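Here's a solo chain for you in structure tokens, the form predicted alone.
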């Protein structure tokens, strides 16, 4: 029996990734293992063929260093099973296209942990319900299960919180057992702020610890600087046209210009915004009372007609990024000058926390003409950015910065202890750290562990490691080739060393992932699910059970007539 392992050993990986400049060496690691067999060889090689080479895609290092390095590590660990891969490093735009078109075998991806993810509708429903297993939906791995669909619909619909939590935790159990995604890590949100100019920093739950309206109303101006500068390396995919919004950063910037009906407080719970109060009439009917006296920045009043116009327009015209948010909305009724009734097509217990938070109010008197004049309003290349929000859009230099000034007519105006907010784009985190220290940048986020450690050593900088809601993983096509068998997916998961990712790439600042819900989401997180510790022997056992073998060169083989035998494992 041949005694070869294909791929690279652990020391080779360390050398490779250290050379990339993103990680430090791991003391005490051992190489070797090249002379041990992986598993059984075929009785007759004519009955087997190599598992086809697979495309392994991730974004480029300068666009997302963590996902790039996770790709490096994971690819080499999967290659150690005898799986041939072809690495493709792409820009963010190409990455999105490949994900939407399902053109990948392995794709390093993540759910961004905005505070609204405390209600895990997107992570559980939109990402895994069979309804969205198509080119227009968000179920990119094409996972399908009638049992899961029923469970996650119960989660979506259930008004009672304790029952809803139970449904959500059952969903996590199903996902952990069937591994539609190779879950990897939940990174902490690493942020830093200069304390010479502003103090009393209070973090919001999740990734956007300081880059949110409630946190910015809390900071106190102690240095006399009227400008808050957010330094970031995250370029916006699309901005400023709201009908073309893509990505959480652009959506948050729109919340500066436009008012949503609700905002989320520092603890993630919904608080009044343009909507002063709301009341569920039944499980599909919600009445919202509009805050009185609000105006758009051009002086026109904000009315319930603007609210109805916004929701109707987004549903009719379509904004793919907000597709799951608007999906439950069926219609609205104007009950009086201050009250609007939302009618939902199905019960959705997250409608206030998600939909009313993520969809702001657009002025009908501006956007009605744009809709009439364009095939789609996203084609308006130089949109009028008048809104009713707490900040007025002043200037946009693509690739450089966006400038906003405080709207003194806004109901929150007195809560902000500064006059101007600047979203400033940098080429590197190192440059941001330098400008935080000298006061040219007020705060930043999306920090890697190395840069965060640097910031933590600076006297006038407050650096915090905020428990993250992000969920990272490797997306795989559940409906194609060997991925159709759960045992193949489990074998891949056992081959991934999550602890190594956590300790090397995150320097311990995060958690290992079991499913798409992070431990920081204490209400919904289920810790009692199937786990897949790094164990190559167990990977080999599972692959052998599923019919796979290895040739003398260590390549993974599959029977020429191979068919999946275990396509789904139900709840017990």
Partner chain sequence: MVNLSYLGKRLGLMAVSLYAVITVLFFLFRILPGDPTSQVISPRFSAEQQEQLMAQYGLDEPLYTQYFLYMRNFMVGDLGQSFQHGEPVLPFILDRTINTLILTVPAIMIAFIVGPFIGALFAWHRNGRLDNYGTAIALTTYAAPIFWTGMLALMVFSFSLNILPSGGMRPAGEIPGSPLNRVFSFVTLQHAILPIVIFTLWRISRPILITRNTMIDVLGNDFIQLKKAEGTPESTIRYRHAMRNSLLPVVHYGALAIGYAFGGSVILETVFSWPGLGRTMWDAVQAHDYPVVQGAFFLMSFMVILFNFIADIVSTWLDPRVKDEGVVE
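Residue numbers count along the first chain shown, from 1. Keep in mind that what you see is a predicted model, and the values were worked out from it rather than measured.
Keep in mind the form predicted in complex with its partner chain is missing from the figure; the text below concerns it.
Shown without its partner, this chain lists 159, 434, 223, 269 as candidates; in the predicted bound form, only 434 has a non-hydrogen atom within 4.5 angstroms of its partner chain.
Proximity to its partner chain in the predicted bound form, defined as a heavy atom within 4.5 Å, singles out one entry of 278, 411, 95, 329, which is 95. Although the partner is absent here, residue 317 sits close enough that one of its heavy atoms falls within 4.5 Å of its partner chain in the predicted bound form. With a 4.5 Å cutoff on heavy atoms, residue 299 does not count as touching its partner chain in the predicted bound form; it lies far away. With a 4.5 Å cutoff on heavy atoms, residue 418 does not count as touching its partner chain in the predicted bound form; it lies far away.
Proximity of residue 240 to its partner chain in the predicted bound form falls within the 4.5 Å heavy atom cutoff. Residues within 4.5 angstroms of its partner chain in the predicted bound form, judged by any non-hydrogen atom, belong to 136-144 and to none of the other stretches in 81-89, 456-464, 330-338, 136-144.
Although its partner chain is not shown here, in the predicted bound form the stretch 422-437 places heavy atoms of 422, 424, 425, 426, 427, 428, 430, 431, 434, 435 within 4.5 Å of it, in sequence order.
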